[in-house]
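Presented as structure tokens, the chain that follows is alone, the form predicted alone.
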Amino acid sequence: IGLSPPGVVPFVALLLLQRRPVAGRALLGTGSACPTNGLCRANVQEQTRRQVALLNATAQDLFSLYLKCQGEPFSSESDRLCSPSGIFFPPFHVNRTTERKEVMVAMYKLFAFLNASLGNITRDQEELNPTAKELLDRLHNTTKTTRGLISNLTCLLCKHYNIFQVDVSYGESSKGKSAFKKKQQGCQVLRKYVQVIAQAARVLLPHLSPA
């Protein structure tokens, strides 16, 4: 999957561009320009915990509903068609013993990618399954939660580590692909999401537990 040339994009700009299903990169950096004012909410750490727990609790149901709405052969051959081995997904190599700063940066990369991918999947499903209200509602709700989580991670990175730019990769757009390929790309991303969000919850939640 090709990536567009590197470019420095501040967190605020990333928050405004999240719905664009594009490939791109923003460079990691630290400095004195952290846009903390207005980004942090009350109880941001607890909100972040709840958002990760909610995404983890609903991921499998979202994937199952997605498969149901795509029809055959996805309903009966999901293991073959939805194997995520051939798709790009941000590497997630942190664990419970990893430094908290590294965990937060890895989380931001993961959910920035996921948010762009959800925008891609939602756009395709609005075209391919416009009457699948429950699926579309779940996709929109997952996207909303993901955006809130990105906002909270932005706050935590700025507040505790003065990081306001992160190297992120956005997945391949499905524009111009066949209906089958669009459905397949969506199910590959969502299957990988089910796996990674479970790991993310195990890693992140202890770092956000009340002292």
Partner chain sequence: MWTNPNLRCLLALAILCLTSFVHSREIGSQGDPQNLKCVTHNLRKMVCTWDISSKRRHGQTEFCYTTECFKTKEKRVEIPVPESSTTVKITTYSISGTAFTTRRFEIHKKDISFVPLTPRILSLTPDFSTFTLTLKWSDNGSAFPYGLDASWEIEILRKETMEDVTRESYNSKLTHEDIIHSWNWKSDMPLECTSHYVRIRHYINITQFDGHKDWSDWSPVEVVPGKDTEPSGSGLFPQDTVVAVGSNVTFCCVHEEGRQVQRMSYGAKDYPLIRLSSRSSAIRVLNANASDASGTNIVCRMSENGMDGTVLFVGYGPDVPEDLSCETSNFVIIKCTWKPGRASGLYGVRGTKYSLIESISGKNVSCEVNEMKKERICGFPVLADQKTYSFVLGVSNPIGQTEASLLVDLNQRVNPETPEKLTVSGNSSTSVRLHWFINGSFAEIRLLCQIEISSGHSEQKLHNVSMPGGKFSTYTAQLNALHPYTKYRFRVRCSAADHFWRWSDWSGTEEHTTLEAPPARGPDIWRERSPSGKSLRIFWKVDRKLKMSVWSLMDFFVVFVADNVKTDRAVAMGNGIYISWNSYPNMTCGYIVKWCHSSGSEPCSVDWQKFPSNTTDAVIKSALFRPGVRYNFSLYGCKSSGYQLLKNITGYTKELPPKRAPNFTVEETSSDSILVKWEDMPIEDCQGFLEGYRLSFAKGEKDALKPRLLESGNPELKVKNITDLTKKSLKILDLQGKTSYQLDLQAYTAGGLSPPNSLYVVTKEDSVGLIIAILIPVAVVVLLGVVASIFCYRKREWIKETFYPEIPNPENSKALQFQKNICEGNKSLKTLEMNPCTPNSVEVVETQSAAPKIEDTEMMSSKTDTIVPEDGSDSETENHVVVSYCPPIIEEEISNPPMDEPVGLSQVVYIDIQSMYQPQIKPEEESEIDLVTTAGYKPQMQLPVSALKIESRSPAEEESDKTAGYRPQANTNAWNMDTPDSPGSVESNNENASFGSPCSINSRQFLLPPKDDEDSPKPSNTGWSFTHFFQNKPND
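Note that the structure is predicted; figures quoted are calculated from it, not measured. Residue numbers count along the first chain shown, from 1.
The protein also exists as the form predicted in complex with its partner chain; that form is not presented, and the subsequent description refers to it.
Out of the listed residues Leu139, Val94, Met104, Leu81, Leu81 is the one that sits within 4.5 Å of its partner chain in the predicted complex by at least one heavy atom. Only one of Lys159, Arg147, Lys181, Arg50 lies close to its partner chain in the predicted complex, with a heavy atom inside 4.5 Å, and it is Lys181. For the marked spot (Phe74, Glu77 and Leu128), a heavy atom within 4.5 Å of its partner chain in the predicted complex is present in each of the three residues. Though the partner is left out of this view, Asn152 does not reach within 4.5 Å of its partner chain in the predicted complex, counting heavy atoms only.
Taking the partner from elsewhere, Leu65 is found to have every heavy atom lying beyond 4.5 Å of its partner chain in the predicted complex.
Looking at Cys69, you'd find a heavy atom of it within 4.5 angstroms of its partner chain in the predicted complex. Just one listed stretch, out of 51-59, 172-180, 139-147, 159-167, contacts its partner chain in the predicted complex at the 4.5 Å heavy atom level, and that stretch is 172-180.
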